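First, one chain by itself in structure tokens, the form predicted alone.
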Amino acid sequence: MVLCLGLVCFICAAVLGGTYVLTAGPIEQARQNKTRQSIAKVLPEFGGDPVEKVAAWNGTDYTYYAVEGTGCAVISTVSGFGGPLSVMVGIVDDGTVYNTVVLSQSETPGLGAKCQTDAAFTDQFKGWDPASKTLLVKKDGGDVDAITASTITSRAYALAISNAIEVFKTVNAEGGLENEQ
């Protein structure tokens, strides 16, 4: 009985290991394609390949993709109403936000999840100049129009962008993006 159970476990482990080996490459390729498409959405058209880097700000490591002569795409993850909200923020060399895209979220469907689909909400961040606008919802004295009935998600989204801008400033203060390439 022990031999039979051991043999079944060995076969299951072999099948599981073989499946992992066969699918690891395609899964990684799909992840890279998704990242590349997201970078293309949040930054102006660029040539060459983005360079993946990590920068520390406020005790947290942030992954960003530097694009020479264009800017960078920063991945910023914060806590939303339903859990983690991960946003990629494209910031051009002059420090303005070019565009944003939600990478993952677990917000309430029909309410907070609109942060991914509500064009009126997401489009307000295109061309956002942090020098002239405040990244807080209007309810808190800022310039962000919140999603109806989703103030917590709107606050989280604004915080994610604010954190990305701070990472961008930190990277520039440490020698600039052009020296990162």
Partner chain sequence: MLKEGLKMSSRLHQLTKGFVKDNPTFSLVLGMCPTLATTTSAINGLEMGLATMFVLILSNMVISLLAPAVPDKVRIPVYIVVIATFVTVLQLAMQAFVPDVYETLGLFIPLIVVNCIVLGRAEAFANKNSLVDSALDGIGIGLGFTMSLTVIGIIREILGSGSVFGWKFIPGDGVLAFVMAPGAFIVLGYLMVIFNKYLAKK
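The model shown is predicted, which means the values in this text are computed figures rather than measured ones. Positions refer to the first chain, counted from 1.
Quick note: we don't show the form predicted together with the partner chain, though the next part is all about it.
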{"item": "Partner proximity in the predicted bound form: V101 to the partner chain, non-hydrogen atom cutoff 4.5 Å", "value": "no"}
{"item": "The partner chain contact at K34 in the predicted bound form, heavy atom, 4.5 Å", "value": "yes"}
{"item": "In the predicted bound form, T108 touching the partner chain (heavy atom, 4.5 Å)", "value": "yes"}
{"item": "In the predicted bound form, T19 touching the partner chain (heavy atom, 4.5 Å)", "value": "yes"}
{"item": "Heavy atom within 4.5 Å of the partner chain in the predicted bound form - the one residue of R155, K133, K114, K53 that qualifies", "value": "K114"}
{"item": "Stretch from 119-127, 43-51, 134-142, 26-34 whose residues place a heavy atom within 4.5 Å of the partner chain in the predicted bound form", "value": "26-34"}
{"item": "The partner chain in the predicted bound form - contacting residues of 3-25, heavy atom within 4.5 Å", "value": "C4, L5, V8, C9, C12, V15, L16, T19, Y20, T23"}
